[in-house]
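We begin with a single chain expressed as structure tokens, specifically the form predicted on its own.
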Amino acid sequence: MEALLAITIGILVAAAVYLMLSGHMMRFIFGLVLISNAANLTIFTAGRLTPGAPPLIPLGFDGPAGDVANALPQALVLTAIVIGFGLFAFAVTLVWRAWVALGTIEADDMRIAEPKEDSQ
């Protein structure tokens, strides 16, 4: 199962890099979402996929009884999902504001700070 997830993570990262290098801002945003999902899958896979029980401590015990799942990767992935959504919303807002101000979302057309090249 880990090998299948590793292949999936590799495909997600490759697609994300392809989209982020395209020069179109919406594709960049979609690539950002894909690479965020790949990172979440990496963290989740690093916690080992086990058929263990939830890490609950029964009444009267000092610790969990038997094999339990590791709760730390699950908590990290949940936190990363929330942060990723906030980053996505902020990036979409920036792209929308750039489109309103500049009239384009192509990265090559957003060079208002650079002087125009003379065609001599």
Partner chain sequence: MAAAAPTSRGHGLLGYGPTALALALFIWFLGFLPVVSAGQAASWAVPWIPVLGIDLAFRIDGLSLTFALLISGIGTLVLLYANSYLTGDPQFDRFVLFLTSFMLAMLGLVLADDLIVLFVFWELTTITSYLLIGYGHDSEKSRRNALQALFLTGAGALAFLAGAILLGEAAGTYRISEVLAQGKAIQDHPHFTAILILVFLGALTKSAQVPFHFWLPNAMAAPTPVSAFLHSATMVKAGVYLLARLHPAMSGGDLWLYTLTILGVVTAVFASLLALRQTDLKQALAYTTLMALGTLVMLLGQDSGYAMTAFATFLIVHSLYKAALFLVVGNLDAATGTRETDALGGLGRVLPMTALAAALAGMSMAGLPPFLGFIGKELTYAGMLQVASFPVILSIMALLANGLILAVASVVAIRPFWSARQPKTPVKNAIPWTMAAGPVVLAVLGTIFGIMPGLLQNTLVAPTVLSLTGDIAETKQLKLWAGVNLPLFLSLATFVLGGLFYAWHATLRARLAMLDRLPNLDEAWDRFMASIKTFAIALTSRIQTGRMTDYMAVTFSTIAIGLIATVLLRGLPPLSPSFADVTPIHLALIGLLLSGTFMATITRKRIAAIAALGVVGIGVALVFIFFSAPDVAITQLLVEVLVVVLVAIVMLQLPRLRDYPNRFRPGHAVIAAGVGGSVTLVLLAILSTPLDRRLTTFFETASWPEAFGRNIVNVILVDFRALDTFGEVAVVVVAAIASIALLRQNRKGRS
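In this text, rigid core is short for the largest set of C-alphas that superpose within 1.5 Å between two forms. Computed from a predicted structure; not experimentally measured. Residue numbers count along the first chain shown, from 1.
Only in words, not in the display: the form predicted together with the partner chain, which the text now covers.
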query: Distance check, L102 to the partner chain in the model of the complex, heavy atom within 4.5 Å; finding: no
query: Residues of 79 to 111 having any heavy atom within 4.5 Å of the partner chain in the model of the complex, listed in sequence order; finding: T79, I81, V82, I83, F85, G86, F88, A89, F90, V92, T93, L94, V95, W96, R97, W99, V100, I105, E106, A107, D108, R111
query: Post core alignment: P58 C-alpha displaced by 2 Å or more between this form and the one not shown; finding: yes
